[in-house]
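Before any questions on binding or motion, here is one chain by itself as structure tokens, the form predicted alone.
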């Protein structure tokens, strides 16, 4: 193995509102059967990175449940494995992570006990398929200290991302997180390659100085001192960073080109197996351009929607342009449009829920209406 992997899955995102009151962003349900973290995990495994650390923190219970076995992603190797790290209490104090760099520093033993020359760092809340070997090869060819994976987002508002400027040779000359005014159309995708020994050295330098953020205190601060290169990638990529982005990502999977490239072409995106029976479509059901999770029973109309496991749609109910999470029951004659129903929502007969075109209406987990 040339690299060990680190997936940063501990962040809190208030822009997801009620959806992350009970779960980490990396545990957000995606595309009828998956969680957001499945994409980074599968990319690691498919790229031959068989030793991966997942660093969790905020609302991590459901994420830990999802990660209770490494076999789903193929990390059962004796020389590799999947390691889940969380903050913990000791007699000497609280080890709550103070930032992304600090979260890696507090688990430094993982790096020091590894022998691989490189570390690939990714976030757990982005949706994409990528061969990390191409980035490692680029990193080696350029003799880079750090490689930042980037994407050109021409025509889009990039102020909510890390904005990067590259020179003619691909070197990072400017990098600013969420600038007031974007100076470039190129963004960082939150994926980095760095030499393992250099990462250890940098962490041991910045943490005693009270600097705890990987991007701000390493990539941005050292951009003129180190050889930091940008690797431009193509293909589908999206970040679960707001209600709007979460809704749009799931709606993207209703497009056959995106769905086929992510799910039906090797290498595959893997997830935890739930062993549910196939979805059942009763005689009065009508389903158009939708993803239906296993174990669901459909008696009504479903159009342009994503349904997760064990969803029940009652007779004469209509669901359009919506996301219905696991275990929801939609009663007789209900109308659901432009909405996100979190897990285990119960709607009695003839309820009407409509969101606006700008933002879907959210029904909180375990609600009964």
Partner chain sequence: MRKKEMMAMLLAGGQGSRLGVLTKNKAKPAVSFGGKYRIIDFPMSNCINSGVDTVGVLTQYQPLQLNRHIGTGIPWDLDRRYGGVTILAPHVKEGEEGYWYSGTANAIYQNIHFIDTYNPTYVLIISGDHIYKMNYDAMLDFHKKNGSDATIAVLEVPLEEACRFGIMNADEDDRIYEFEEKPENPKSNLASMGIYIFTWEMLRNALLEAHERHHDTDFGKHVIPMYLEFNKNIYAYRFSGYWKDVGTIESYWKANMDLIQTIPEFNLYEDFAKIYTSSEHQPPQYTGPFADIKVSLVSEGCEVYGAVYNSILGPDVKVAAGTVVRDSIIMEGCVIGENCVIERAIIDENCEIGRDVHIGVGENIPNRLKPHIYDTGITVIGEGSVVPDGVVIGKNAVVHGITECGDYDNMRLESGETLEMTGEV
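Numbering follows the first chain given and starts at 1. The structure presented is a predicted model; accordingly, all values stated were derived computationally and were not measured.
A second form of this protein, the form predicted in complex with the partner chain, is not displayed here; the remarks below concern that form.
Contact annotation for residue 234: none of its heavy atoms lies within 4.5 Å of the partner chain in the predicted bound form. Although the partner is absent from this view, residue 196 stays clear of the partner chain in the predicted bound form, with no non-hydrogen atom inside 4.5 angstroms. Although the partner is absent from this view, residue 310 contacts the partner chain in the predicted bound form, with a non-hydrogen atom inside 4.5 angstroms.
Within 4.5 Å of some heavy atom of the partner chain in the predicted bound form lies at least one heavy atom of residue 295.
Listed residues 224, 113, 71, 178 were compared with the partner chain in the predicted bound form; 71 is the one with a heavy atom within 4.5 Å.
Scanning 290, 147, 123, 188 against the partner chain in the predicted bound form with a 4.5 Å heavy atom cut-off leaves one residue, 290. Heavy atoms of no residue among 13, 18 and 159 are located within 4.5 Å of the partner chain in the predicted bound form.
Residues placing heavy atoms within 4.5 Å of the partner chain in the predicted bound form fall in a single listed stretch, namely 276 to 284, out of 114 to 122, 205 to 213, 276 to 284, 179 to 187. Residues 31, 32, 33, 34 are the members of 27 to 66 with a non-hydrogen atom no more than 4.5 angstroms from the partner chain in the predicted bound form.
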